[in-house]
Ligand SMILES: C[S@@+](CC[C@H](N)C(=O)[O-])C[C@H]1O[C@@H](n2cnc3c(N)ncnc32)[C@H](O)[C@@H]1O
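Quick setup: one chain, the form predicted on its own, written in structure tokens, and binding and motion questions come after.
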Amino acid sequence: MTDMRTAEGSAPVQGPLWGARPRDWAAQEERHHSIYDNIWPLVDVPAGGSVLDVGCGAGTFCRLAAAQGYQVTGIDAAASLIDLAGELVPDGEFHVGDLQFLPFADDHFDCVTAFNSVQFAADPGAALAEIKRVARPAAPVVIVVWGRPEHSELTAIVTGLAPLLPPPPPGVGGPAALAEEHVLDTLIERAGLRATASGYLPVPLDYPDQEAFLLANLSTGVAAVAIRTSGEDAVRDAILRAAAPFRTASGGYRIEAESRYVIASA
């Protein structure tokens, strides 16, 4: 692991939040596999090429890319998640850092991906400009964000936590900050990227029992803020109340979420 937090945007805020319960978040990240499985086949990367995952978390996507023979690099604000990524992908290169200040040379990577990370940057436009800078000319860039709130049952969880949260600090984004199409599309264009494909993906999230569901949802950055503000017991209760409609007959939970993806060219 290399720590390169010499310049910081939202990393000092987001890193401790998302890294508070790293193994619980890693388990939740595995449930996002359908995103990688559906989008990655749409991306044309030279065999053995270099792939940077921006906001790589615990390295779930990096493991998939490495297994296909790509040279993998990841960067994330949470040191504890970077440690897990290094365990998961021993041959990968991982750094602690900020999306807005990528510690890589210009025109360096054959592909850059950002799965549900750009919306948490202090300045998403600056993060996208950095992604453009480090991607080789014409290299594919993959941006994934939350989909339409009305099409995602995760909205109910975030809404349920809202009364337990303080006012957000200036310049810190949230899960749905880029959910509206025109917002992300405008930022992509301003960053000098050219969108070549986009769409929505259903993201089913299954949990075998209540404890697995709680551990996953307590590991998010939003939940970490709520816990600091209102205490874990109140957050657990709020999550369970919000998720009551999604409990299955077997005692588990199934959440139907949605992601939006944009594939662009650098």
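So that there is no doubt, residue numbering starts at 1 and follows the sequence shown. These figures come from a predicted structure and were not determined experimentally.
Here the subject shifts to the form predicted together with this ligand, a form of this protein not shown in this document.
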| query | finding |
| --- | --- |
| Option from 85-93, 182-190, 156-164, 117-125 whose residues, in the predicted bound form, bring a heavy atom within 4.5 Å of this ligand | 117-125 |
| Heavy atom of Asp98 within 4.5 Å of this ligand in the predicted bound form | yes |
| Any non-hydrogen atom of Cys111 within 4.5 angstroms of this ligand in the predicted bound form | no |
| Interface membership of Arg63, this ligand in the predicted bound form, 4.5 Å heavy atom rule | no |
| Exercise: Ile143 in contact with this ligand in the predicted bound form, heavy atom 4.5 Å | no |
| Answer option from Ala135, Val72, Leu178, Ala78, heavy atom within 4.5 Å of this ligand in the predicted bound form | Ala78 |
| Partner contacts for 22-54, taking this ligand in the predicted bound form and a 4.5 Å heavy atom cut-off | Trp25, Glu29, His32, Tyr36 |
